[in-house]
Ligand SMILES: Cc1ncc(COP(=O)(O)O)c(C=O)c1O
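To begin, one chain is listed below as structure tokens, in the form predicted alone.
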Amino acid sequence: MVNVKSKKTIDKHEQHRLDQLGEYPFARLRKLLDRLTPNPELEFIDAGAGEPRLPLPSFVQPTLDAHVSGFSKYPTTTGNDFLRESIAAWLQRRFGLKAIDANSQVLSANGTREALFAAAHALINPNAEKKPWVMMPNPMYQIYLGAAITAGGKPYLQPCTQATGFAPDIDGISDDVWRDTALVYVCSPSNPTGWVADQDYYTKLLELAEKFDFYVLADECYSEIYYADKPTGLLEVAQNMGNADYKRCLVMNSLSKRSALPGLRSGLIAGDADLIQQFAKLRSYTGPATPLPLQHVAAAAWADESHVQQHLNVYRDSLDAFFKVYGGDIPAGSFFVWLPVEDEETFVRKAYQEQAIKLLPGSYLGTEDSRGINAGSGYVRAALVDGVTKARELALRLKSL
């Protein structure tokens, strides 16, 4: 006879794990602004979410029209060959990779969120006697934290503060911690701080990964949004180190930011073939698959650079316009500005009521460490996603506060 746990026991177990997760940042923001009214005399500016609002690339509609019949077919969970081949070709062009196999080293994903979350579940053994560490920047994209907890790992927070240049510190971590580490999340360019990992940082991290046998998961969602120098990629550095098979490396990227297509829900996961196989096995059960017509749009997007350059010009001009008015240092990457304030929640409420601006409190993107310190506290995040004119207007209104 099968031993079936009672519903009460199962629910208690599941609730215990989920209880470790706080509310998602935007749910908290809705509560913070509940019952407040933005200034009706001003045009509303939503700088709270990182949702690009740029013109749709010209190839999207005709490509969708040409392949609309594909909605009548089941897509594969790995992504069809034409899409994975387009992704592999882009990775080679963008990062100078000498070789990456579309069949064994590339998968499509439903955006980076799905890939970043599910990868931890594919790579962490929840039945291990000792929960492994999962390292992540703090503040962070909160998916890292949720993935670590629900996959059975222990979050290890790396404070990213002005004192560290907003880089996740890897020098002050003991060998004992590294030995018990399962994987490390890196976000470069960083959401929310704009920090960018360089060749030296990735090299040091990959040397530690080889020495202590852990995985490096690079969230490179903002790789095509930068102010000056084009960001280095994890796979590029692995190749430069002689790791041509990208062992212990996985990279996630997406068309949400690169192509301003967040609603397409299409991205990639690439790297170590053994890890890709493990992840593909998980996805064959969980079943997220991108519809075929959208895969054709995605393949066209990865193959085209003209729209990416147009978007990049807008983001650069927006950063120039904002900081010319507001003052301060322009971040190296991403379209976010990370602004110090005295009381973030009060500032966000005032910005909403007095200046008709939606922002995100920095602490909502961080979490308290063992000392009770949230590295995101004392900041607000603003997204420059509406073009140059609104970026300048945003700076003027924020400066008035």
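Don't overthink the numbering: it's just position in the shown sequence, from 1. Bear in mind that the values here come from a model prediction, so they are computed numbers and not experimental data.
Quick note: we don't show the form predicted in complex with the ligand, though the next part is all about it.
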{"item": "Proximity to the ligand in the predicted complex, single hit among 296, 84, 311, 113 (heavy atom within 4.5 Å)", "value": "113"}
{"item": "Proximity to the ligand in the predicted complex, single hit among 221, 269, 217, 135 (heavy atom within 4.5 Å)", "value": "221"}
{"item": "4.5 angstroms heavy atom contact with the ligand in the predicted complex for residue 254", "value": "yes"}
{"item": "is_contact(residue 141, the ligand) in the predicted complex, heavy atom dist at most 4.5 Å", "value": "yes"}
{"item": "4.5 Å heavy atom contact, residue 316 and the ligand in the predicted complex", "value": "no"}
{"item": "Residue 191 within 4.5 Å of the ligand in the predicted complex, heavy atoms", "value": "yes"}
{"item": "Answer range among 113-121, 94-102, 155-163, 316-324 for contact with the ligand, defined in the predicted complex as heavy atoms within 4.5 Å", "value": "113-121"}
